[in-house]
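First, one chain by itself in structure tokens, the form predicted on its own.
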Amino acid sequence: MLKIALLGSTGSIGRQVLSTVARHSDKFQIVSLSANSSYQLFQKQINEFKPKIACLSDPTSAQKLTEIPSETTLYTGENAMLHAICEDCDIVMVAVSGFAGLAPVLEAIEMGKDIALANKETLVAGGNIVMKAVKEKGVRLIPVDSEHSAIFQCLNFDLNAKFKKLILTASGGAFRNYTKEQIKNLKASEALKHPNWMMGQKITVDCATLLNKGLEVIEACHLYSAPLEKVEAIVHPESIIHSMVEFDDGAIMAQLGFPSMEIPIQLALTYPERLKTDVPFLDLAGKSLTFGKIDVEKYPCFDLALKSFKIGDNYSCAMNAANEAAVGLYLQDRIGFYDISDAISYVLDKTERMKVTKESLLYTDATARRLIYEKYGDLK
């Protein structure tokens, strides 16, 4: 019985994790749940799974929880999520969104817990210190993102396997069939209409800007100890191939499947064993596979992500924070689509170089967000 600490239980990934646990209740047990403020769904989750520990970060929302199982201890407040990383768990599923994932990942590593990582921002901002800590503590870091799960599978579940090149695929997002002129005035409601995947709002906007693919390139460099020139991203609108690995003999291995996160989520918990999911089997008859280069004029966020990684040190952290803040404003229709890339460029120009430590990353993240809110007149 694998005991799971689930961080981000009310989000898109978190809900699918719980579906996996319910489907294979003889193999998995939820020992702790953590969420931010969605108290109604969280109430249902703790009543169904009866974790030993439940953490709801927002105190006001926590006060609205009316039924707490007798075996469940509730924590609330800014650092509540860290209590979910308990001694009793075997693996920590990190399904929280954004930079907020860094602190619990470092805490889990320190406690010697294996991590299933569905939070790419953790490695984008702090990959150097995270991967170093993983090696020092001898824990497993298992990728959950569909692209990195695909690569993990193609490498026979070995982060240290040799390869010539990693090839990440991108659907192109909601605006892939639009021109740059058409895109510039489109609101967030349009960007959220992803043609292939059902995901959270922030990552769906990141797919529309292709910033998400830039984050994944950086993540790949950290996960697989790869230089930037050995990681490629291409557009694959069908989302049938989830990523590929090229080897020294010219062979390319690809992982194909129906576009659903349930497969990589479950596999992160069961590999090398594969169990039944509720995902439809892929019928390839009549399907076409197409590939194209990323148009960096149309998608400047992709290049800005790579630029931040090339500069090094804390610049990827600054880029990530600027994007998180700008996407938040875009989702409120307070800025335009291409203001997101302008915001990232603005922050990179103003970032102070610092060596990567937990403290410097916290400072960089906070400073980048403040710069964005000041630039766009929102100091909340």
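The structure displayed is predicted, hence computed values, not measured ones. Numbers for residues come from their place in the sequence shown, where the first is 1.
This protein has a second form, the form predicted together with a small molecule, left out of what is shown; the following refers to that one.
- Contact check for A54: no non-hydrogen atom falls within 4.5 Å of the small molecule in the predicted complex.
- Put simply, M261 is close to the small molecule in the predicted complex: some heavy atom of it is within 4.5 Å.
- By the criterion of a heavy atom within 4.5 Å, T169 is excluded from the residues contacting the small molecule in the predicted complex.
- The closest non-hydrogen atom of A35 lies within 4.5 Å of the small molecule in the predicted complex.
- Proximity to the small molecule in the predicted complex, taken as a non-hydrogen atom within 4.5 angstroms, holds for one residue of T367, S360, S12, S19, which is S12.
- Contact with the small molecule in the predicted complex, defined as a heavy atom within 4.5 Å, holds for exactly one of A118, A108, A150, A84, namely A118.
- Judged by heavy atoms within 4.5 Å of the small molecule in the predicted complex, the contact stretch among the candidates 242 to 250, 282 to 290, 186 to 194, 93 to 101 is 93 to 101.
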